[in-house]
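The chain below stands alone, shown as structure tokens; this is the form predicted alone.
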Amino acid sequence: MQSSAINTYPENDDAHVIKVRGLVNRFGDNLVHDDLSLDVRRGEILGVVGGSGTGKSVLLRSIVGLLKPAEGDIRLFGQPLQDVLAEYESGKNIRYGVMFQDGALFSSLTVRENIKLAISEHYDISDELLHPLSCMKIALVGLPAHAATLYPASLSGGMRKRAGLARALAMEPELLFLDEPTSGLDPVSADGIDQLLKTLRDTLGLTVFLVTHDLDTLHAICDRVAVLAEHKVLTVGPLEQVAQHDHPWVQEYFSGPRGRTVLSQYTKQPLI
């Protein structure tokens, strides 16, 4: 059974915060994306997976405006990406936040200073207000209060991820982009991040675009999964549906020993 790569919706609907159409990305002679299209629904956690070199992070960077594609149309909140970026840069309307791999914190700044910088970059706010705001974000992601004065080098991997998430949430965005939020973490720490993300989505009403390779994350928190292969979105849908696609990479990914174990754990189906 195969699921459709892209669901069709009226172009004037507001049920989706991300719409990508006809995206082409290439680096020299290396074609990464070719006529890629994808919709992300409001309020969902979408997990993006794919083999090495399929352009998962490239897609994320294109959508947030860090990489200009060769062709294609990207819209956020119904607006052309360039309009959203103009509002972002002017500080008028900061509607999305980004957490890169391993948090990407400034190593010379403490956790609190990293968060303060994210806010003060756009708004002229006194330190008297910045201090409690940054502490609130630190508490929001489950970090202890003393973590505020620590530098990234003093943090564990899980704490760095949470600190990076706190900075991504500094401007109270509606849309959150995450690049491998659980990579390099032990199972307990990874599960803690997964549950935090689900709680934040539910309590803050976030939409989450999540690049991952973690099967447990896909099962635990993702409403839908998009698979990148052959330069485009091969299929997108609920995980149990996507896992039945007959593409070789999909079968290898979901039908290997680890994939079958995770599937059986979450779907309560016996191993085959």
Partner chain sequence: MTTPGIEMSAGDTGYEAQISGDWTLLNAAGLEQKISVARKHSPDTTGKLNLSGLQNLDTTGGLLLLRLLGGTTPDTLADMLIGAKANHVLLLKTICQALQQESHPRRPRSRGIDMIFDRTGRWAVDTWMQVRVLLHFVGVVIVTTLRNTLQPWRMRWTSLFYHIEHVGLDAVPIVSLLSFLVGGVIAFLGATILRDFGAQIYTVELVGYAFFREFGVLLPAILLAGRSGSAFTAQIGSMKSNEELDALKTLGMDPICVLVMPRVVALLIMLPMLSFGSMLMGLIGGGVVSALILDISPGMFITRLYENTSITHFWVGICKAPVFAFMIAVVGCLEGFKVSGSAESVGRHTTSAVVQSIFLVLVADSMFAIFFEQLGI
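Positions refer to the first chain, counted from 1. Just so you know, these numbers come straight off a predicted model, no measurement behind them. For the two forms, the rigid core is made up of the largest set of C-alpha atoms that agree within 1.5 Å on superposition.
Beyond what is shown, the protein has a form predicted together with the partner chain; the following relates to that form.
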Q) the partner chain isn't shown here, but in the model of the complex which of Asp73, Glu121, Asp83, Asp202 has a heavy atom within 4.5 Å of it? A) Asp202
(Q) Can you work out which of Ser108, Gln79, Gln101, Ser156 has a heavy atom no more than 4.5 Å from the partner chain in the model of the complex? (A) Ser108
Q.
Leu143 versus the partner chain, in the model of the complex: is there a non-hydrogen atom within 4.5 Å?
A. yes
Q.
Is Leu185 part of the interface with the partner chain in the model of the complex - any heavy atom within 4.5 Å?
A. no
Q: Using a 4.5 Å heavy atom cut-off, state whether Glu172 contacts the partner chain in the model of the complex.
A: yes
Q: Verify the contact flag for Leu117: yes if a non-hydrogen atom of it lies within 4.5 Å of a non-hydrogen atom of the partner chain in the model of the complex, no if not.
A: no
Q | Residue shift check between the shown form and the other one, rigid core fit, Thr110 Cα at least 2 Å | A | no
(Q) For Gly157, does the CA position differ by 2 Å or more between the shown form and the other one when the superposition is done on the rigid core? (A) yes
Q: Classify Lys198 as shifted (yes) or not shifted (no) between the shown form and the other one, where shifted means its C-alpha moves by 2 Å or more with the rigid core superposed.
A: no
